[in-house]
Ligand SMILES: Cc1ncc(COP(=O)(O)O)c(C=O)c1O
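Below you'll find only one chain, the form predicted on its own, shown as structure tokens.
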Amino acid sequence: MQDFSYIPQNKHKDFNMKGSIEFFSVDEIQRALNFHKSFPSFKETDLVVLNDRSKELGLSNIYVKDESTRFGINSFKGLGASWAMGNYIAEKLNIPIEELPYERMVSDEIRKKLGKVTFASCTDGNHGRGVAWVGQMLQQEVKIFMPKGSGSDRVKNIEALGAEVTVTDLNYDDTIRYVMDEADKNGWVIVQDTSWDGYVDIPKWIMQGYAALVLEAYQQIERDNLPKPTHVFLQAGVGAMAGGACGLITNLLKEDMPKTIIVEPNEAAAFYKSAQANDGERHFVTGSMPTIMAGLACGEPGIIAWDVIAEFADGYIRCPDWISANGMRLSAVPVGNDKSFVSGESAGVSYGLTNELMINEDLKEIKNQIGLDENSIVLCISTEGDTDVKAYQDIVWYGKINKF
């Protein structure tokens, strides 16, 4: 089908490779998860097991990691922001982060040593909300810049956490460049989940923080005596979540790692475009990228994410918006005894794609290339809840954005 396209990545995986993959060792990601656990609002998010829908689709099982309840901010983004901002503070004070759990980090002693720091970031909504939440928790100033077209609910959610919000008339990637200039002029600390030349540490920490949710998922799988996934679908914008997750899975399971597929909207399929070029380089998508998957509307893959994904992912698929909309509706209205959960526009695409690959005869060739059958167990990451309430209701309640 024209709306769908898949590129397999059939290359030898060197599990002893040095470089970016080393950032995502199990020990490093466990350090991040331990830090997260020091926050008073920390709670594991659910691993939803969709036994009944899996049977209907002819799969062994589907697991969905539901990040809508993480830290009470409706997405996974606080995981990356907290680990990055915590590490920045620890390095500035020359104190190991293991000696700076949350309670000590906000103590009078540490705040007096640190002084005031202004953190700045570009966001479509969720990342900025995560940065604003951490800033509020750590009692530091936060300035957030958003691209044109950002939803009013997302702006209000960030402002409610005490951050100063500016909506630009630029797209996401150009807004990042604007933030870079402003931060340089004003001495702000940029907290961004995409890396570029000379800017690596904070994106690396953010990606490690995101990878902690996948480590948590695998620990839940082991604790609940569930069989491990055979496939993982990872949606990508700049690739921070996808790259961190792919890196952790690679280091955790090595030769036994599941088939790992990168999923993108048609309008912003930069990883797909880079894989299609087949020259080892990143290739960008430019323009406005009009997709409902706002968190994935990013045209420039992060350097660290590309380093990992280009070596260890198994394929790239791009798909239309209605796939994510279907995933949102499937999550809200489950079958049988499956649990319902709230999945937002950037979160529903992997589950929606899993469903469509199994029921759509026109996608049989892609399904077979990926290797989905009755023995397959698919892990999806639902990265956000209803972060834009009106958009969520329009799609789930009223059927906006559909296959027909």
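So that there is no doubt, residue numbering starts at 1 and follows the sequence shown. These numbers come from a predicted model, not from an experiment.
The same protein also has a form predicted together with this ligand, omitted here; what follows describes it.
Residues within 4.5 angstroms of this ligand in the predicted bound form, judged by any non-hydrogen atom, belong to 229 to 237 and to none of the other stretches in 103 to 111, 137 to 145, 229 to 237, 321 to 329. Only one of Cys246, Leu296, Leu79, Val191 comes within 4.5 Å of this ligand in the predicted bound form through a heavy atom, and that residue is Leu296. The shortest heavy atom separation between Met241 and this ligand in the predicted bound form is within 4.5 Å. Heavy atoms of Asn126 reach within 4.5 Å of this ligand in the predicted bound form, making it an interface residue. The closest non-hydrogen atom of Asn355 lies beyond 4.5 Å of this ligand in the predicted bound form. Among residues of the shown chain, Ser350 is not one whose heavy atoms approach this ligand to within 4.5 Å in the predicted bound form. Of the residues in 361 to 396, those that come within 4.5 Å of this ligand in the predicted bound form through at least one heavy atom are, in sequence order, Thr383, Glu384.
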